[in-house]
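Two forms of a single protein chain come next, each set out by itself as structure tokens; they are called structure 1 and structure 2.
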Structure 1
Amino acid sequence: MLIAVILTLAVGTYAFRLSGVVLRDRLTLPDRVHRLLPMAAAALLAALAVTAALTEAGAFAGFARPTGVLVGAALAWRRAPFIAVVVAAAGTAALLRLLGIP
């Protein structure tokens, strides 16, 4: 049963991944739609980042994580190096939790 679950998930996920790549070639998209694709990806990734920052299993994730992400995002906005963004975000969240803020 477990093997079947893992394999179904793996094959299904791979099918999602590959079908987009293959469809891209098969579909002759009008220029306007083609121009929308990067925007669609940006919307998906932004939604992923914001929901991951704010929520955990459908509920509010607590204050430490969003504060850390906010600090990282502010540094990114100020064009800080990528490493600084990631380390500052994690460090802020870790520090807040050390202080007892969830």
Structure 2
Amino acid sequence: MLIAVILTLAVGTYAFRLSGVVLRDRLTLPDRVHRLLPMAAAALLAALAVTAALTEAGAFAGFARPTGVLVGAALAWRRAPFIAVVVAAAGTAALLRLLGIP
């Protein structure tokens, strides 16, 4: 049963992604929708990042993780190297948890 679910999800995901490639030239979107699509993708990614940073199992994740994400976002905004962004964000969250801040 589990294998059938995994295969069904794999086929569905592949078909969904393939439909974008196949239908790209066949669909004509209004200009307004065409202009809004990049912003919609950015908004969706931002919403996913915020949800992942602030919640854990449906509850507030604590202050350490969002603080680490903010440190990482600030360093990414300042165009720091990727490894520095990851290490600083993880280090900030770990240090705060070590200090007893959840």
Partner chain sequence: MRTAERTATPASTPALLRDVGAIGVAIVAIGASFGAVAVAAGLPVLATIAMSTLLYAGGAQFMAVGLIAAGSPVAAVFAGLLLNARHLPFGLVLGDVLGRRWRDRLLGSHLMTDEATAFALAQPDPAGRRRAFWLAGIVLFFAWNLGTLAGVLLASRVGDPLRLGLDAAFPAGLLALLLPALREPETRRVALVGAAVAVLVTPVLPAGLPILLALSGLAVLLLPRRGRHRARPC
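In this text, all values refer to a predicted model and were calculated from it rather than measured experimentally. By rigid core we mean the largest C-alpha set that fits within 1.5 Å across both forms. Numbers follow structure 1, counted from its first residue as 1.
**OP:** Of structures 1 and 2, select the one representing the form predicted on its own.
**Re:** The chain shown as structure 2 is the form predicted on its own.
**OP:** Please say whether, between the two structures, the C-alpha of R17 moves by 2 Å or more once the core is aligned.
**Re:** Yes; that C-alpha moves by at least 2 Å between the two structures.
Original post:
Does the C-alpha of L54 move 2 Å or more between the two structures once the rigid core is lined up?
Top reply: Comparing forms between the two structures, the L54 CA shifts below 2 Å.
Original post:
Quick one: core overlaid, is L70 moving 2 Å or more at the Cα between the two structures?
Top reply: Comparing the forms between the two structures, which are aligned on their rigid core, L70 does not shift its C-alpha by 2 Å or more.
**OP:** Can you read me the CA shift for D31 between the two structures, rigid core superposed, in Å?
**Re:** A shift of 8.0 Å at the C-alpha.
Subject >> Rigid core superposed, the C-alpha shift at T8 between the two structures in Å >> reply: For T8, the C-alpha ends up 6.8 Å from its position in the other form.
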